[in-house]
Structure formats: C-alpha cells, structure tokens
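So this first bit is one chain, no partners, the form predicted alone, shown in structure tokens.
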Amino acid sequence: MSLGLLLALLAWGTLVGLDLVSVPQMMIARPLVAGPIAGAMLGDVWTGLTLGVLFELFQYEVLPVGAARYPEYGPATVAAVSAAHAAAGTLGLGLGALVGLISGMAGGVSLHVVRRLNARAVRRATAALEAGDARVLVRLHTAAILRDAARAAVVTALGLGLALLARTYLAGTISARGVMLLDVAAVGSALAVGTAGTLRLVGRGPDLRWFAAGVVGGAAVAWLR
C-alpha cells in the first residue's frame, strides 16, 4: 500500500472521528458510510460495504447518552477495511473484525480522555466565561475541536498500524479451519449485538410482535423472489 493511500485513509478516518461529536456531524461516522468509502479509496467497495455492515451491527447496540462510555466504530471501520483488503478470500473478514474491534475499544478510551481534557479546560476558564468573555468561549470550542481531531488521527493511525501488522503476520498463516472460526465468531458476535440492540429499542410490548411479523414477512418475500 502506497504512502499516499495510507495518508488518504488517515485523513478519512480523522474526518470520520471528528464527525461523531465535533464537526461536521453529517453521519459519516456511521460504519455503513465510513466502510464503503474507505473501500472505494482502496478499489474494493465490496470489502468496505461488508465490514461497514458488520460494524454497523456492533454500533447498533451503542446508546450514547450523557457521559456513557462506548467503543468508537467509525475510524475502526476504516482500519478494518484496510486490514481486510489485502487478505485473500474470506480471511479478510476475520482480520478486519479483529483489527476493528481493538481499534474501536481504543477509540472509546480516547473519547473519555478528551472529555476529561475539555472539562479541565472549561474549569480553568470558568471566571472568564461567567464574565461573558466571548473570545474565551471561541477559544474553548476551537481547542476542543483540535483535541478531537488529534484524537481521531491517533486512533486511525493506531488502527492502520494494527492493520499493517495483521496483514503482515496473520494473513496466510491461519489454517482454513481457523479462518472459518474467526469469520463465524465475527459474524455471530455482530448479529448477537445487533439483535440485542434491536430488542432493546423495540421492547416487549406490541411493537415486538409487529417487529417479528415484519421480519418473518420480509424473509418470506425475499425467499419467494
């Protein structure tokens, strides 16, 4: 992979990480968007879409309320696609999931660190803010966005580094049975997490019965086609 392409992926992952909280907040942080675009940059849209769907299921369980801690799957999906792209066959899915999950956990930790740094900055500027100094407010917002950009860049770089290591030391060294088990574990975990998130949103009342009817009806229509 060329240096230019790595830098392009780093820039895309950084923008994706910024989108989650800071700017521009236009939903490109969703894995279903971040993955296919990363795949298109690599000339492998299908791998990007596959990993995007996989990590969208993982993200479906995330409930970003208040100061809740949760993995960050946007930059992680970019790293996962990078890991999966160069791996032959279905091994790419398992390697991508492995790299993406580790990167997602690192992203979650980084979000907590930046929140603490922002809170400290606000406490230090409390007197100026209470006095109505708009310039201090602007500086705080700007600094917070820059911290988030640096955080997203570091997380993306970490993920791309893990992807490089995975492609170098794992691709081609895992047996066919190991490849299958890794793929099944990745897909099964994503489906389980997505199902848990769906049931949490739907609840146990009448909505659950309607949801079940929709799933059965949709599956029947897909089968008949």
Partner chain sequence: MSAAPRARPAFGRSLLRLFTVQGSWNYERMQGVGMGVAEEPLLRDLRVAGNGAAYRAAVARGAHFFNAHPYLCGLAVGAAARAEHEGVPPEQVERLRTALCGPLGSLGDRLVWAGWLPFTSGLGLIGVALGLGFPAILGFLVVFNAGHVALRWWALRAGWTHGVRVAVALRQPVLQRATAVLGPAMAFVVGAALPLVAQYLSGGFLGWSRVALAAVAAGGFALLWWLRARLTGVRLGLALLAVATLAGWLWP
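Because the structure is predicted, anything quoted here is derived from the model rather than measured. Residue numbers count along the first chain shown, from 1.
Omitted here: the form predicted together with the partner chain. The next part is about that form.
The partner chain is not drawn, but in the model of the complex it has a heavy atom within 4.5 Å of V122.
Proximity of R30 to the partner chain in the model of the complex falls within the 4.5 Å heavy atom cutoff. Within 4.5 Å of any heavy atom of the partner chain in the model of the complex lies no heavy atom of A150. Of the heavy atoms in L10, none are within 4.5 Å of the partner chain in the model of the complex.
Between the options L164, L42, L158, L170, the residue in contact with the partner chain in the model of the complex by a heavy atom within 4.5 angstroms is L170. Within 4.5 angstroms of the partner chain in the model of the complex, the stretch 120-137 places a non-hydrogen atom from each of V122, R123, T126, L129, E130, A131, G132, A134, L137, taken in sequence order.
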